[in-house]
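Just the one chain here, the form predicted alone, laid out as structure tokens.
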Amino acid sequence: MSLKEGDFVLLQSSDGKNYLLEIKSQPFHTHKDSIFLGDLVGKNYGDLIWGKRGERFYLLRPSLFDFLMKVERATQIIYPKDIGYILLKLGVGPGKIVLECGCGSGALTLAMAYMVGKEGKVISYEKELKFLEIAKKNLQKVGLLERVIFKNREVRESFDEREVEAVFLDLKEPWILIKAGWEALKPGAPLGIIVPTTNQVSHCLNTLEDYPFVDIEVVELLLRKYKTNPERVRPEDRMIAHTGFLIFAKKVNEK
């Protein structure tokens, strides 16, 4: 299907840099060359195009990864290396009703909304209106806003919902809402938490012991890329190391 105005494209330059762009009637400039985005109408993903000064660009189809990494940010986002594991551990899939507290800039919200499909729903609590509005913009950009119910308030004791299929907490003191998470979950359903420091992990583990949770897990995920020169394959000089500790547990009816 040919590209049209309003579509998104991942523009890759000859030096391997990627730009996530919406096709509209305006120019786009890089450090090497420029193109007029309106000229992409009628092109196809995978096409080679030429800049005004003769630079090569490829039109690539954006993936969920690309949208996650290019979201507008007002806060530190949860990285794809963690998001993939979170989605699997929480069982986020088509038709599911999942709840998160602390959406930040909406990277995880976006991934959850994508995974629950048209029949599912993400319920997202965020006390900071400015963060919520940025998250909404990021969801709107990829056409997933209708799958999310945003609630602009601070939760102190309990969530409105019951019998949801997963809960994820991303806030400074998540142990305060572990009881609320247990009450909102279906029996046997998973709770997920992300925190940056080990003392926060300890607080969470101590609180989890006070409620009927089992299958408790703490993990840290590290991602190391490799240089793609076939004659000199070696690790990149930089890697995505510590971004947060992930804690998971499942609700049961009694200890």
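All residue numbers refer to positions in the sequence shown, first residue = 1. Every value quoted in this text rests on a predicted model; they were computed, and no experiment measured them.
One more form of this protein, predicted together with a further copy of the same chain, exists but is not displayed; see below.
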{"query": "Heavy atom within 4.5 Å of a further copy of the same chain in the model of the complex - the one residue of L171, A180, I97, I83 that qualifies", "finding": "I83"}
{"query": "G143: touches a further copy of the same chain in the model of the complex, heavy atom cutoff 4.5 angstroms", "finding": "no"}
{"query": "Proximity of F28 to a further copy of the same chain in the model of the complex, heavy atoms at 4.5 Å", "finding": "no"}
{"query": "G38: touches a further copy of the same chain in the model of the complex, heavy atom cutoff 4.5 angstroms", "finding": "no"}
{"query": "a further copy of the same chain contact in the model of the complex: Y114, any heavy atom under 4.5 Å", "finding": "yes"}
{"query": "In the model of the complex, residues of 208-228 near a further copy of the same chain [heavy atom within 4.5 Å]", "finding": "E209, V214, D215, I216, E217, V218, V219, E220, L221, L222, L223, R224, K225, Y226, K227, T228"}
